[in-house]
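In structure tokens, the next block holds one chain alone, the form predicted on its own.
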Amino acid sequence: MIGFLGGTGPEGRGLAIRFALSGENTIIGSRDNSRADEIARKMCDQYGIDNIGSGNNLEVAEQAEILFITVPYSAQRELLASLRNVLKYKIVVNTTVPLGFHDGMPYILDIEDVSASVEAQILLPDSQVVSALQTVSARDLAKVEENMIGDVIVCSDSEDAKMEIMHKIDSIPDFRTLDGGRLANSRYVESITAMLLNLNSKYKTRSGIRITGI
């Protein structure tokens, strides 16, 4: 089962429905059980499926074998610290980007541990942290009738965990994953996200990245 911590936001909802439609059993989490339950039921009704469950973040962390972090960076440290023991030996996929805003425009924050995913691994020393999906638009994820834009770069210090997550993501139509190497490389992917958001604002579009020559 695949779980989404903070899964009631746009990123969590979009990923949950994409994975569910590809045949995976999924469960979305929230601090508020009733909100998670309402959103899960609405998605199941809308798409005629029954493989999206719900619970609070602790219940999701306990039940799922693979967990996606889909909360804003400002909530990451508190969330992971509270679930550290429950997430032991599990694969944790971080989609988080440490963004700040100046005059309404996003920029990458200069954080102590260089990247949000490296920070997550430090907070979860007994988990296998994988970095992925930072450059994918949350709004595009929810539009399942439309093709996705761009490639998904996946980074991790665990080769086995990285390969498993790449296989899971590749099962979703229109996605192509690329091996981005060690987890430290996630800092570069996170920085690209800030650039894409600036381009989206300037050109009134939804941009992604595509790696050529592969």
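All figures in this text were calculated on a predicted structure; none of them were measured in a lab. Residue positions are given as counts along the sequence shown, with the first one as 1.
What follows is about the form predicted together with another copy of the chain, which we do not show.
Asks: Of the listed stretches (176 to 184, 49 to 57, 63 to 71, 23 to 31), which one has a non-hydrogen atom within 4.5 Å of another copy of the chain in the predicted complex?
Replies: It is 176 to 184 that comes within 4.5 Å of the partner.
Asks: Taking heavy atoms and a 4.5 Å cut-off, does residue 108 contact another copy of the chain in the predicted complex?
Replies: The answer is yes: residue 108 has a heavy atom within 4.5 Å of another copy of the chain.
Asks: Does residue 44 reach another copy of the chain in the predicted complex, with heavy atoms at most 4.5 Å apart?
Replies: No - in the predicted complex, heavy atoms of residue 44 and another copy of the chain never come within 4.5 Å of each other.
Asks: Does any part of residue 172 reach within 4.5 Å of another copy of the chain in the predicted complex? Heavy atoms only, please.
Replies: Residue-level check for residue 172: no, no contact with another copy of the chain.
Asks: Is it the case that residue 196, even though its partner is missing from this view, gets within 4.5 Å of another copy of the chain in the predicted complex, heavy atoms only?
Replies: Yes, residue 196 lies within 4.5 Å of another copy of the chain in the predicted complex.
Asks: What residues, if any, in 196 to 214 have a non-hydrogen atom within 4.5 angstroms of another copy of the chain in the predicted complex?
Replies: Counting only heavy atoms within 4.5 Å of another copy of the chain in the predicted complex, the contacting residues of 196 to 214 are 196, 198, 199, 202, 203, 205, 206, 207, 208, 209, 210, 211, 212, 213, 214.
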